[in-house]
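Quick heads-up: it's one chain on its own, the form predicted alone, in structure tokens.
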């Protein structure tokens, strides 16, 4: 059985969504971010990214990680590419050309988009959005996203999804990276095709199952 290490309110959400899309049974091991705990190494501390048991899984101390048939992988976007490749179906590449496109869009999301979107979400998570420094970070991040949003907007002019005109792992990976910037609604209003595409991705039942897990987790915190 697939094991996913990490809480829903983290990048592990990507892997939980993917597992739901594929209809995979999975075991969830709720490892929390060490930065959220006063003393992550205390004997009674919750399982976290500095816990020895988790460091045995991922020595880098980052979530998520997955374990599948003895294979351990520790990069959220790569985890999803692996699961798509293993289980096939419409979320996977139909041929090597599509696989290459899915890999390219995923790397693009990680290198060109996420460095900006993660700064936005962390600014809000740390309640700094109304401070001068926080506003500066958000403005700089939005400026950095203008080019990537314009590229995606143009790409979606002739198709509803990024590869093969169907929802695939590439859409899931990119949608999860862009979700971090949803607070900046004006950026999406400027790019209506991107806005509509993200709404299509978020209308999927598997996404709602993942988000239900996030809400349940937040309520229990």
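Residue numbers count along the first chain shown, from 1. None of these values were measured; they are calculated from a predicted model.
What comes next is about the form predicted together with a small molecule, which does not appear here.
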Can you pick the stretch from 189 to 197, 151 to 159, 28 to 36, 165 to 173 whose heavy atoms fall within 4.5 Å of the small molecule in the predicted complex?
28 to 36
Can any non-hydrogen atom of residue 204 be found within 4.5 angstroms of the small molecule in the predicted complex?
no
4.5 angstroms heavy atom contact with the small molecule in the predicted complex for residue 141:
no
Tell me, yes or no, whether residue 117 is in contact with the small molecule in the predicted complex, where a contact means a heavy atom of each within 4.5 Å.
no
Please tell me whether any heavy atom belonging to residue 181 falls inside 4.5 Å of a heavy atom of the small molecule, as the geometry stands in the predicted complex.
no
